[in-house]
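Presented as structure tokens, the chain that follows is alone, the form predicted on its own.
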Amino acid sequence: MEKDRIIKRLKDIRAKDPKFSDGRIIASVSTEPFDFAVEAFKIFSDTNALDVNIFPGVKQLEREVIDWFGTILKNQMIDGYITTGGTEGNVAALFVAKKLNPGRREILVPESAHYSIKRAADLMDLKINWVKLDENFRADIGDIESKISEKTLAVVATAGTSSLGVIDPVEEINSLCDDIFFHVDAAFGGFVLPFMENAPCIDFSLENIDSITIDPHKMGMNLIPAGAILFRDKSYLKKIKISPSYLSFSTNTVSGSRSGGAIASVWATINYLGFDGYRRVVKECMENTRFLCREIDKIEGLEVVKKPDINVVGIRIRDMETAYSRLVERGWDILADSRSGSLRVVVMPHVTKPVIRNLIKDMKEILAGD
């Protein structure tokens, strides 16, 4: 097939999928990346972060990215690497935890945790002891305290749950984990909370946090795939180091070959936005989140499940299944969560006030039977 036909075919297929600029994608935890981030990816698209001898420039960029995370997470001893996303980050964290305490097999996991924790447990033959949620859909601190035992390998908390964006009580859990591995899955909230005023603490200033998952391809506004797993210091990744006979160096990442393009894209975006830029992005998203909640409160038949911790809103609507179907028919990309009985809206940078007004208009019409 000729190149022109290949490109045309790809464009035709892509045209059938929605675009963030359409103003109809309101359930995605990603957004459209900057043009220059795509360009950065292209510049390093032929590089492999595994091959540190061939591509030392990628290693340099990645180290600078990890150091930047160390600044926002208040720990200059930080170590980690750029992953494919939150799933790999969570797997890596529990893999390290298992290596640190091979005699323990039980992990305490909130019922609201991301499904990747279950996958990691299955892969590593770990037993999950599920932690119930309190009335605010947060991990119940009393239940965690009662279930910690000599069998406990790790405790997992989430900073931005998938369904409602809830922040588990990380600071309280931290106080219970003196000799227990404590992992925080902040795949979504990790690029929100550090840039909010009076936000819950999820950084390494909490002395018992061992690892944090953060995804640049979510609120970091980066290309997919781009996640990050971060550890308190360099000793952690040494636990999973391996030295293949055919390589002149060791490697300590769950994945082997890794895209240098993804690392370059993250480097470009965080250097462009910086702390102040992300603070502006988060501020606008939170203002729009509050705007959405105010509009919902005005309408009989609509209800916010709980006051949002971050820019994720759960909306209860009369006859949710029908309402969900009608919204999809009108072109909205929205998700329904069975546990909370709500529709999920993620107020990303592309979910602007005009987008919210259009959503509210359609919800009103659906409730009226139009």
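The first residue of the shown sequence is 1; numbering continues from there. For clarity, every value in this text was computed on a predicted model and none was experimentally measured.
From this point on, the text means the form predicted in complex with a small molecule, which you will not see here.
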Practice task
Would you check, heavy atoms only and a 4.5 Å threshold, whether Asn75 touches the small molecule in the predicted complex?
Solution key: no
Handout entry: Asn48, heavy atom within 4.5 angstroms of the small molecule in the predicted complex
Key = no
Handout entry: Lys218 within 4.5 Å of the small molecule in the predicted complex, heavy atoms
Key = yes
Handout entry: 4.5 Å heavy atom contact, Val29 to the small molecule in the predicted complex
Key = yes
Completion exercise
in the predicted complex, the residue from Thr251, Thr152, Ser162, Asn288 with a non-hydrogen atom within 4.5 Å of the small molecule is Ser162
Fill in the blank from the handout: The one residue among His114, Arg232, Arg138, Arg104 placing a heavy atom within 4.5 Å of the small molecule in the predicted complex is His114
Exercise for the section: Would you check whether the small molecule, in the predicted complex, lies within 4.5 angstroms of a non-hydrogen atom from each of Gly86, Asn90 and Thr158? Expected result: yes
Problem - Partner-facing stretch of 179-187, 67-75, 200-208, 291-299, counted where any non-hydrogen atom is within 4.5 angstroms of the small molecule in the predicted complex - result: 179-187
